[in-house]
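Take a look at this single chain in C-alpha cells; it is the form predicted alone.
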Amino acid sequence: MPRILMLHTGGTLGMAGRRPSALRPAAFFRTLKARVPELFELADIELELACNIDSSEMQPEIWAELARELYRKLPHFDGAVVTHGTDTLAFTASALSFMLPGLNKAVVLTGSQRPLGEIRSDARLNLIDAVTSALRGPKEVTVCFDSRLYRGNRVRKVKVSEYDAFESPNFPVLGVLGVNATFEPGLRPRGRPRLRDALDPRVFLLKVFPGMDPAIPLAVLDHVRGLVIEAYGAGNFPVADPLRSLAPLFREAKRRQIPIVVVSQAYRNGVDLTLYESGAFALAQGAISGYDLTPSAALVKLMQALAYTRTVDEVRRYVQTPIAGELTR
C-alpha cells in the first residue's frame, strides 16, 4: 500500500466536548481509527502528534518544526497530511509552501468545522479527501476542504459556521472531489526539495481604516523589522488630511530602512500602486507592492524575507518573486 505521513497539530477536528460547553483538544488518534476506519484502506498511514493545540495558539516556531519533520520524513512516504485548526490554517499553509520549495510530494492540510466525534461532522470526508489528494493530487502544499483542493498560499478563511469555510479568490481550485476526484497538474518541481526554515517574526500586519490615528502605526515601527499594510482597493490610504495621513509612516519607515509590503483588503484582484496618488507616494518612499498576495501569505513571506536578506531591495526582490505560486506576475 502507499504510505502517508499524517501530522496532527490539533484544531476543531480533533477536539471533544458537548455543546454548549467549550471544545477542547482530545485524543485524536483513537477517535480517528474508530470513526474513519476506511481511511486505513486507502494507505498505510503513520500517525504522528506534532502538537495538540487550538490553532489560535499556532506560532512560527511550530511552522519550522513541521517543515523540518516533513523535510526529514517525506522521502520515505508517498505524501503527507497535516490536520490543523481552521483559524490559522492559511498562515501555516503559506509558511510550509515557502519553507519547503521544490516539493516532489504532496503536502495537504485539512481540518473541520465540527469535531470528528460528532455525528454531523465534516471531518470524516475532509480526511478521506485529504488522503486521496495526498496520493493523487499536485505535488505542492495544498488545502483540502469541503471537497475542494486549493493552493495553500492562496486560501482565505471566509466562513465560521458553514462547511465551505475556505476560498481561493485569485486562483482556481486544484482539485474537485465529487463522485470522481479530478486534479490539476499544479506546480512543476524546480530543483531538488529544500528546507528554508528560518523566519523573523518581528513584523506587523496593519489594516487601514477610516479614523486611524497615524501615531499608532508610527509607534509600531519601534518594535518591528517589517510591516504589511492592508490598504484599500488597489493600494490606497489617506494622505490628504494632515491629521490622518499615513505619509509620515512611509517616510519614517524609509528613513529606518523598514520594508513595507502593501496588499489589498479586497478579496479579488490585487494591488497596483501606480493607479492613485497615495499608491504612487508609497512607491516613491520604497513601498513594496504585494500584488495579489493574501495578507497571510504576505506576512509569512516577509518573515522569511527578513530572515534571508539584508537590504530593503533584497526584501523587495524576494517578496515579488514567486516561490510556490503564491502571486500572479
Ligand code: ASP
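No experiment lies behind these values; they were computed from the predicted model shown. Each residue number is its position in the shown sequence, starting from 1.
Unshown form predicted in complex with this ligand; subsequent notes refer to it.
Peer 1: Given the stretches 109-117, 213-221, 93-101, 186-194, which is the single one in contact with this ligand in the predicted bound form, using a heavy atom cutoff of 4.5 Å?
Peer 2: After filtering at 4.5 Å, what remains is 109-117.
Peer 1: Here the chain is shown alone; which of Asp87, Glu167, Asp146, Asp200 has a heavy atom within 4.5 Å of this ligand in the predicted bound form?
Peer 2: Checking each option against this ligand in the predicted bound form, the one that comes within 4.5 Å is Asp87.
Peer 1: So in the predicted bound form, does Asp54 come within 4.5 Å of this ligand, heavy atom to heavy atom?
Peer 2: Asp54 belongs to the contact set for this ligand.
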